[in-house]
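As a starting point, one isolated chain is supplied in structure tokens, in the form predicted on its own.
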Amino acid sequence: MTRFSKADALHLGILAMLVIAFFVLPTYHVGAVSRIMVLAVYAIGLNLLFGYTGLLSLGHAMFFAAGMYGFGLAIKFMAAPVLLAFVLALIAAAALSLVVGLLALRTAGVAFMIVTLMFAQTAYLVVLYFGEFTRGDEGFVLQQAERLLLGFDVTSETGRYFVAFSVFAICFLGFARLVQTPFGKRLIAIRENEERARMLGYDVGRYKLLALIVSGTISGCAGALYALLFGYVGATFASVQYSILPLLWVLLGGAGTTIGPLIGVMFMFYLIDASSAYTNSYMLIAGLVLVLLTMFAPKGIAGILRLRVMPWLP
């Protein structure tokens, strides 16, 4: 098999396993995997920017929140159909990504991290300031009747799982394809040596901006999907915590790998779930595991797999 056919088989095999999981897992784990797939879409968005372009954003929660609030407010105040609300959410995330990119990409390195963090904190404060509409930290709930997708009930166990699976599959396969295209290869070239890429004639600034827009839009898609499937919109998802979490997921799973985001989210979710059953200090256990993984597997789980047994892994 060629490198590409092996990669294709891997990605399709993962999707097949997720379909099978619905029929064999207990109800609790079916719900957990639904949430994991939604959050994995969020991690895919950050992975494109950080893992493949080399831009470390500490403000991705603002894009997740833009999609979430774009969807939720369209449903609540415009009585928009679900599909229209979803499109508006993607537009909101893409527009915010464009504005942030045009300003933040004037900086680089640590300065870029700080600027994105400042933008995210500003977005969080804006959500709180307009609490009359957003309900601030309290948030608001989207009723079941407001979340019918073409008459299909996405609040049921089956509906939630397969809507999450469908969006994840599109983003997962699309992302795997994107990083193999000339555009994806140029992003990797920028990550590896920005000056050399510029000397080769690539418009580095334009590619960075495009990467940020695509990354932010994917993250916004995850936010809208979360609001659709779980029916809640709140300012917590715009906080700094939700900018740090996807970074941890990507680092754990393997930055710059297509399967890393899913592995990272699943590992972290079940680590916290298992440790919380024994102690209230479950975040301490999660922190210790993170430190150990950083020390002994700095490339992440998928990165180690690529280094040792799967060199063809994209």
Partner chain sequence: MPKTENGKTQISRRGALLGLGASAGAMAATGVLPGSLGFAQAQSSAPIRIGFQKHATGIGAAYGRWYDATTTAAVKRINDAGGINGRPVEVITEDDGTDPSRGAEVLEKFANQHECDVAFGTLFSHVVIGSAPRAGELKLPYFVVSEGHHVASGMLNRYTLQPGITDVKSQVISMAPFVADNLGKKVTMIFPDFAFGHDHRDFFSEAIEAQGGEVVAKIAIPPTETTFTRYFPSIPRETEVIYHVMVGPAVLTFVKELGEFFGPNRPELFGFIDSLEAVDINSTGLEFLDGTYFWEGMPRYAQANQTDAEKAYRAAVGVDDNGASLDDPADVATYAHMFGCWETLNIIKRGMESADYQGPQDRTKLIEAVEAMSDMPESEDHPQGAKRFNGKTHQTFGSQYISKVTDGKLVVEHVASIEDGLYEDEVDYTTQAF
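Note that the structure is a prediction, hence the values are computed from the model and not measured. Residue numbers count along the first chain shown, from 1.
Below, we turn to the form predicted in complex with the partner chain, even though it does not appear here.
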**OP:** Please determine, with the chain shown alone, which of 230-238, 171-179, 80-88, 208-216 has non-hydrogen atoms within 4.5 Å of the partner chain in the predicted complex.
**Re:** 230-238
Original post:
Counting only heavy atoms and a 4.5 Å cut-off, does the partner chain in the predicted complex sit next to every one of R135, R160 and T279?
Top reply: yes
Original post:
in the predicted complex, does F165 have a heavy atom within 4.5 Å of the partner chain?
Top reply: no
Subject >> Close approach of M266 to the partner chain in the predicted complex, 4.5 Å, heavy atom >> reply: no
Original post:
With the cut-off set at 4.5 Å between non-hydrogen atoms, does N193 touch the partner chain in the predicted complex?
Top reply: no
Original post:
Does the partner chain come within 4.5 Å of any heavy atom of L148 in the predicted complex?
Top reply: no
**OP:** Within 4.5 Å of the partner chain in the predicted complex, which residues of 20-57 have a heavy atom? Give them in sequence order, or say none.
**Re:** T27, Y28, H29, G31, A32, R35
